[in-house]
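In the form predicted on its own, a lone chain appears below as structure tokens.
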Amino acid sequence: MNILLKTTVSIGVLCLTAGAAFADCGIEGTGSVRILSNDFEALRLINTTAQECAADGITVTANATAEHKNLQVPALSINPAEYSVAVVANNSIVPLMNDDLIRPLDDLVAEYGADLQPNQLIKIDGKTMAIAFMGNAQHLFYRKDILDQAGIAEPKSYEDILAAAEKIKADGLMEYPLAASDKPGWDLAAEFVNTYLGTGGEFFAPGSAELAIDNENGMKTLETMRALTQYMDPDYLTFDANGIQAEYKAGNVAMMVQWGSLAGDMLDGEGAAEGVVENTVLAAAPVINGGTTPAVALWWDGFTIAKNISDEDAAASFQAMVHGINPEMVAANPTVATWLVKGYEPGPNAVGVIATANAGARAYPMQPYMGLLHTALSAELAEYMAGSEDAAQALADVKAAYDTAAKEGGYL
């Protein structure tokens, strides 16, 4: 996969092999490992595994929080940085790169990464800047029993989903058969980005930071997003990914486009109503408007090491994180994520992500100004989704907010 970020970024498959050196983490000397990450099961598991490296002279702490994107830049800007490790994805590495807050990892790979293969590494400008450990994408989760009762085949497009929701509601099978992560902020913006990617459209004019979503693709994206809400709980603007997961597990939802990283939690079935788990099918993300590209973004998750820390802390942090993603941990937890680790055998939880990738889903854009667009979408779509503004006005509001930020950032 090649992704653009001012320069070429390459990602290969993460390959790790078990080694005796990791039995006690093998960290010599002293060091402080301070991990900042998002908060979901796979990352909590990696953090806990890395914490096994705590020993005399080595401390390991972790902060798994949904606010990580808001915390990372200020926390890594101070010297010494508050955190020595920032766990990132396609989008969240960009502000850290733009502000020169993370260090190249080539020396650490050479010294402590003997079990890492060259094609595992995220390289930017020829330097290794992150180590990827899992792939992720949103994809379709659906209740086969409910669709069967309504006489509906597996939905392949958003148009299919809307038709299926209408039939399920009309047949009295469910009042609110759909759910989506429409909470204003990062989640709602991601829903727009996902759907827009499915139109085949580009977010920016070629070779430019000029916004290019105020068009038929942008209108179709917004119209589809709002059409879906007529089949959702009236409080749809309060639901994020964890919220729709709970609604689906409670048996209240028949179809949702949800993160693959939460498929393991779904299939484990803890807290799920009777009949939900055994009737859940994980399928490729839907297409839109007659297109062939899944209407979601492909993601990788990986770790970076802060620049404003001592070399001792950097070395300890790198070793602890390599231990955190070791093959034994992955082998013991195969359903928690679509791991990018050698020896990983994709299980039932991974079929949706793999089907979506194989169908040609596009990577989340990594232009340095994409974060400004995501922020503008985060702030400017709520009124439209609530029904108090039309699509044309919403796109105009997004453009105004983006243009202001892009000019301040020196991109326009």
Partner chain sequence: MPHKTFFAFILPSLIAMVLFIALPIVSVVVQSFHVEHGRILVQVESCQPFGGCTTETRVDTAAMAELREEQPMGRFNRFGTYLNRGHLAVDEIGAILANNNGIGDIVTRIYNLPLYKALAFTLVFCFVVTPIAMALGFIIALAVNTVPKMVKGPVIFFSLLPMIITPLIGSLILYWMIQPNGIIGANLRVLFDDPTLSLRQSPLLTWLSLLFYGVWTNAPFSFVVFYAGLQTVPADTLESAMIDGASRWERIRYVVIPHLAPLATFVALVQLMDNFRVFEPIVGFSAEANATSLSWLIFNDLSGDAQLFGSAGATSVITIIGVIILLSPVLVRTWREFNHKVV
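The shown structure was predicted, so the numbers you read here are calculated from the model rather than taken from an experiment. Residue numbers count along the first chain shown, from 1.
One more form of this protein, predicted in complex with its partner chain, exists but is not displayed; see below.
Shown here without its partner, the chain carries N91, F239 and G410, all of which come within 4.5 Å of its partner chain in the predicted complex through at least one heavy atom. Checking 44 to 52, 57 to 65, 358 to 366, 25 to 33 against its partner chain in the predicted complex, the stretch whose residues place heavy atoms within 4.5 Å of it is 358 to 366. Listed residues E111, E216, E278, D100 were compared with its partner chain in the predicted complex; D100 is the one with a heavy atom within 4.5 Å.
Of the residues Y231, W300, W259, F203, just one reaches its partner chain in the predicted complex with a heavy atom at 4.5 Å or closer; this is W300. At a distance threshold of 4.5 angstroms between non-hydrogen atoms, L372 is in contact with its partner chain in the predicted complex. Remark: K123 counts among the residues lining its partner chain in the predicted complex, judged by a heavy atom distance of 4.5 Å or less. Its partner chain in the predicted complex is approached by A400, whose closest heavy atom lies within 4.5 angstroms of it.
Interface membership of D235, defined by any non-hydrogen atom within 4.5 Å of its partner chain in the predicted complex, is confirmed. If you take 322 to 344 and check each residue for a heavy atom within 4.5 Å of its partner chain in the predicted complex, you get just L340.
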